[in-house]
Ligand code: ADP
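A single chain comes next, written as structure tokens; it is the form predicted alone.
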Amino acid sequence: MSNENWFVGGEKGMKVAFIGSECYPFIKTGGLGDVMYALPRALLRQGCEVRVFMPYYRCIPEKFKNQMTYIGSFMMNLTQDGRTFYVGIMETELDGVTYDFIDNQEFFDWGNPYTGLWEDIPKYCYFSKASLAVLNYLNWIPNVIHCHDWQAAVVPVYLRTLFDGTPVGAARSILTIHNLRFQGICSIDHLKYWTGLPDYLFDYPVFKVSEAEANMFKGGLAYTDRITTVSETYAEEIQTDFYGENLNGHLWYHRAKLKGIVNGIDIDIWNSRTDKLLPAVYSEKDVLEAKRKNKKALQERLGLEVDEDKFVIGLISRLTDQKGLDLINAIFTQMIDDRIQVVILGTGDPRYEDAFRYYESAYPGQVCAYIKYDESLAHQIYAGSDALLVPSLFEPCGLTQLIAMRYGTIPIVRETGGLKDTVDPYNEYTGEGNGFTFDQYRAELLLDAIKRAEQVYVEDRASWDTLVTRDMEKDVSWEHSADLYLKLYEELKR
């Protein structure tokens, strides 16, 4: 088949189908939802035609369901014993991107998107196969099918097996790793039954990981045409024992098709110039005065001592081990002095929730632990803090450090994954860099990074203010990342 015939987008541009388990604003539990929303929009601006496929969950807000149109339905065989299931298609459009929702009450009418792995395996086997069947049903054949995380990992396997020879079989596939820790591991019998795939796929090169277990992500990584992950450093890290989550050997074997592309953020949502949740909006031209106003408002809202000279450190995070909170816990009392205030926003592991509540009571007026999630407060912390803490054990990409820079708040991060790729360490002698970093996962190194940042803030405010302006001028949008993805799509076309 010639390139011209395969490139079915023709003069209209590249056609890309996104398949994933969540997408903002319909359903979002983490960074995957942001990527599924922002990257298609950025590709649309690059001239691509984009459709997004996701489940029609019961918990999608009614205001979005009311905007959807029923497109059609059919029955699809799925399991090893040939059981058939209803596939409905609900569709809507948002800002030029078409969203197709796969409807089946048996799988998606349970409330939350993710329930438990035993139940989720059948759910996402169905969703993966149904998405390809819907593409054929709609006669909308993409150049590239871009799959995301383990929930869509069976798509490339279906594409090259049961859908080979159908119209959608002409497409190429990309599988993006957002977080390798979650892989869709279950018994071989369970996955074999629910996929209906042939026996030969359940050997070690594809799904098999032990005599009894199969891994959905492993199979998808073997069969996809390209593998991407959300930063260049993370692409290297996951080929090592420490970060590879037992798939490092498999990823090293497939390294020729592995590429890291760092995420961006939606600069329309995260825009200090237009953010209606801020007491004072600002650009890099008036950031210094506006941040003082935002700091004062943040201190007043959270019951902290109102003092513009205090060094305010923000932490916006899931409260889990992955986020480096054991390091923070270990040095918290050493970190606190009469010049520092700390603001914590998030929920998670009860031991961290309780620890931060204790620090709030032990340091009144200096520490606020807001143990829930509040969108307006998140925006105000980004704008009112001087620094943002992200000391993660591992961080495939990370968005909070990008948002912080967009708001002129200096990141203090560990050199891992996307944190290493987006934050350059400040050099006090040359003035280069845009944040404060530490390398090894050790509490004393985190403390040193915090104290270095505090020292520059307190003793060399001119250099600090230069950092603030530099970070606000840094391009953290999706445009550069979308351009890299588009080049990858075009390589696949050739």
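For the two forms, the rigid core is made up of the largest set of C-alpha atoms that agree within 1.5 Å on superposition. What you are looking at is a predicted structure, and each value in this text was computed from that prediction instead of being measured. Note that residue numbering follows the sequence shown and begins at 1.
What comes next is about the form predicted in complex with the ligand, which does not appear here.
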(request) Go through 317 to 325, 99 to 107, 271 to 279, 136 to 144 and give me the stretch that gets within 4.5 Å of the ligand in the predicted bound form, heavy atoms only. (result) 317 to 325
(message) Whether residue 454 contacts the ligand in the predicted bound form should be assessed with a 4.5 Å heavy atom distance threshold; does it?
(response) no
(request) Would you check, heavy atoms only and a 4.5 Å threshold, whether residue 382 touches the ligand in the predicted bound form? (result) yes
(request) Would you check, heavy atoms only and a 4.5 Å threshold, whether residue 374 touches the ligand in the predicted bound form? (result) yes
(request) Answer for residue 398 alone: is it within 4.5 Å of the ligand in the predicted bound form, judged on heavy atom distances? (result) yes
(message) If the cut-off is 4.5 angstroms on heavy atoms, which of these, 30, 431, 47, 61, is the one near the ligand in the predicted bound form?
(response) 30
(request) Note which of 186, 227, 125, 345 lies within 4.5 Å of the ligand in the predicted bound form, where distance is taken over heavy atoms; exactly one does. (result) 345
(message) residue 376: after superposing the rigid core, is there a C-alpha shift of 2 Å or more between the shown form and the other one?
(response) yes
(message) Is the shift of residue 213 between the shown form and the other one large enough to count as movement, that is, does its C-alpha move by 2 Å or more after the core is superposed?
(response) no
